[in-house]
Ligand code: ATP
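Next comes just one chain, in structure tokens: the form predicted on its own.
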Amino acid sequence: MRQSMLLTKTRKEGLKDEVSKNANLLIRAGFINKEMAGVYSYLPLGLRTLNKISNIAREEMNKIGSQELLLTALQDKEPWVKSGRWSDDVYDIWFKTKLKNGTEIGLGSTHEEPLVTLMKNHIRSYKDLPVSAYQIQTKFRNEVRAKAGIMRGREFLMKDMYSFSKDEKEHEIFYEKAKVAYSHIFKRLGIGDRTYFTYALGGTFSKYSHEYQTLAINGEDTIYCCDECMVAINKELIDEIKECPSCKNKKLIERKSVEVGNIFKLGIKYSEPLGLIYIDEKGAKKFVFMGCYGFGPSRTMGTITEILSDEKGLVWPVSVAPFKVHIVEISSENKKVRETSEKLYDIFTKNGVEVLYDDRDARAGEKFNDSDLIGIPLRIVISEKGLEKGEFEIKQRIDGKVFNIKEKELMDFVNKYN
């Protein structure tokens, strides 16, 4: 993409009424726009990154055999009444409204009830199990506090997956596959070395639920970490569990973190009140055993912003950056500089390299500042001085390292960079 055609522009300052680091940086860099507290639009650069995060999750869910669907955001009241969660006294973050005929409906904050209702049409026999389904969809939650940018919004993107099994034993087989898939997600996102498999309260069929907590100075949660095996315990459990559940290490380190995912057993919590049953091998009726697996693409985008940015701006891992390469043209009035920039842009584009080409009529300092703020992994500077030497200047955003490279070596270097 040519930067002169990009519909967004950078800003020198964030918003005065925005207290979160992630939202202010993303607003300044032109990735998102704040509509109201807890509600953000994703602009072209931001949407590219959000889609890449979602696609990583999608690929890993597909690998373990889950099937993608898309449920409605408008939700029927009746299944929620049956499960006991329609009342605000039980579930207090609803956005509710009414149809023209007076029928009360909800705006989806989670989808256990509607998916279980749907699966009653498709699960009848033990032969239909196990099966799992997931979606990546906008959720709506009427949060009292919405001051953490895109890390805790009233409108946000979530990947929610549900598994359906004959019994707990069959469920555990899929659960273990999901744990591996989640570790792959965070590794591919570039935060695997900061993300801990965490024991927490909140299990509905078992004593504990499991969270994926990423270390962050400004995180809302406190965890106690075992660095021997990347397992942690949520603070709410520390009086109950005083050693690592995995390796029994007692030297646990207190740290701040952000929850970016969670997985837990549901058992028959929803299948029983909603009547999701199957006929087993002996002809007996049994309730389907369920599991739930959540991951927040928008929340994770905010988390990556919080933990990997620096004083100059965003720092994206290659896997989720809006573009891999940022061509910055200096002295565009020089014919050779312009021709070389255009040529390189065409070569990268034809070879499938995602590139943002700064062809704007702007000063070098402004271009460099914008490049650092936007945070694309590789910056290639094309200047008159460099061309005289037959070289391009490369800057790696992640560590600020600057070096020169010959044209013949450039494509190979870019292709191998990750």
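Note that this is a predicted model, so its numbers are computed, not measured. We number the residues from 1 along the sequence you see.
Only in words, not in the display: the form predicted in complex with ligand ATP, which the text now covers.
> Do all of Ala29, Gly313 and Asp370 end up near ligand ATP in the predicted complex, with near meaning a heavy atom within 4.5 Å?
Replying inline: Not a single listed residue reaches ligand ATP in the predicted complex, so no.
> Using a 4.5 Å cut on heavy atoms, which of Gly153, Pro322, Gly106, Gly291 is close to ligand ATP in the predicted complex?
Replying inline: The residue in contact is Gly153.
> Asn218, Asn249, Asn334, Asn262: which sits within 4.5 Å of ligand ATP in the predicted complex by any heavy atom?
Replying inline: It is Asn262 that has a heavy atom within 4.5 Å of the partner.
>> Only one of these stretches, 313-321, 253-261, 67-75, 237-245, has heavy atoms within 4.5 Å of ligand ATP in the predicted complex; which one is it?
In response: In the other structure, the partner sits against 253-261.
>> Residue-level question: is His326 within 4.5 Å of ligand ATP in the predicted complex, judged on heavy atoms?
In response: Outside the cut-off, so no.
> Going by a heavy atom distance of 4.5 Å, is Gly302 a contact of ligand ATP in the predicted complex?
Replying inline: Contact with ligand ATP, no.
>> in the predicted complex, is there a heavy atom of ligand ATP that lies within 4.5 Å of any heavy atom of Phe295, even though the partner is absent here?
In response: Flag for Phe295 set to yes.
>> Please tell me whether any heavy atom belonging to Ile185 falls inside 4.5 Å of a heavy atom of ligand ATP, as the geometry stands in the predicted complex.
In response: Heavy-atom contact with ligand ATP at 4.5 Å: absent for Ile185.
> Since the partner is left out here, which residues of 158-174 would have a heavy atom within 4.5 Å of ligand ATP in the predicted complex?
Replying inline: Contacting residue: only Met158.
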